[in-house]
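First, one chain by itself: the form predicted on its own, in structure tokens.
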Amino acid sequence: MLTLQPEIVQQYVETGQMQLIFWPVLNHGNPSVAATVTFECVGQQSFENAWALHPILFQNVNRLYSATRDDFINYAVQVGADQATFESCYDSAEAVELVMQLDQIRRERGIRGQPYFDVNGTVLAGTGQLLDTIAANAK
């Protein structure tokens, strides 16, 4: 998705044809929870900073298994988050609860991995299905 995201945003989101919504998939245990809480807490401060954080988390996915609280703070600060505000959010039970609730909804919808896309209520697995659907609807 990281390679296609800029193209999808430019061709479909910026033209108003599509809305891109990030939905957490907690399929790697505690590292997924910590990374998603980091994304959420940065996003509460700035949508742009959250999306700047997204590729950093994915590019460092193997490091997340041994990442500490300080590592996530550093990622957040690296993209411009206010450290004190981030730490307050990151340490809160509310942020973890929200992430867990969103993950529960995802599982109830039958989504087991990523990337998945919801196009007008139809759930598509992978970017291939998304691009096929976009092409079919463009005709």
Partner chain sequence: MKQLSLVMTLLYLLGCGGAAEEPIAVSQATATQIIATDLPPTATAPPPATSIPTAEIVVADPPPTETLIVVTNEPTEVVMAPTLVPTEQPVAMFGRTPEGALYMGRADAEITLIDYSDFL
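Residue numbers count along the first chain shown, from 1. Please read all numbers here as calculations on a predicted model, not as lab measurements.
One more form of this protein, predicted in complex with the partner chain, exists but is not displayed; see below.
Within this chain, F86 is remote from the site of the partner chain in the model of the complex, having no heavy atom within 4.5 Å. Although the partner is absent here, D91 is not a contact residue: none of its heavy atoms lies within 4.5 angstroms of the partner chain in the model of the complex. Put simply, A35 is close to the partner chain in the model of the complex: some heavy atom of it is within 4.5 Å. Interface residue remark: N27 is counted as part of the site for the partner chain in the model of the complex, having a heavy atom within 4.5 Å. The putative spot formed by R109, Q114 and I134 is fully lined by the partner chain in the model of the complex; each residue has a non-hydrogen atom within 4.5 angstroms of it. Shown here without the partner chain, the chain has L98, L102, I105, R106 in 68-107 lying with a heavy atom within 4.5 Å of that partner in the model of the complex.
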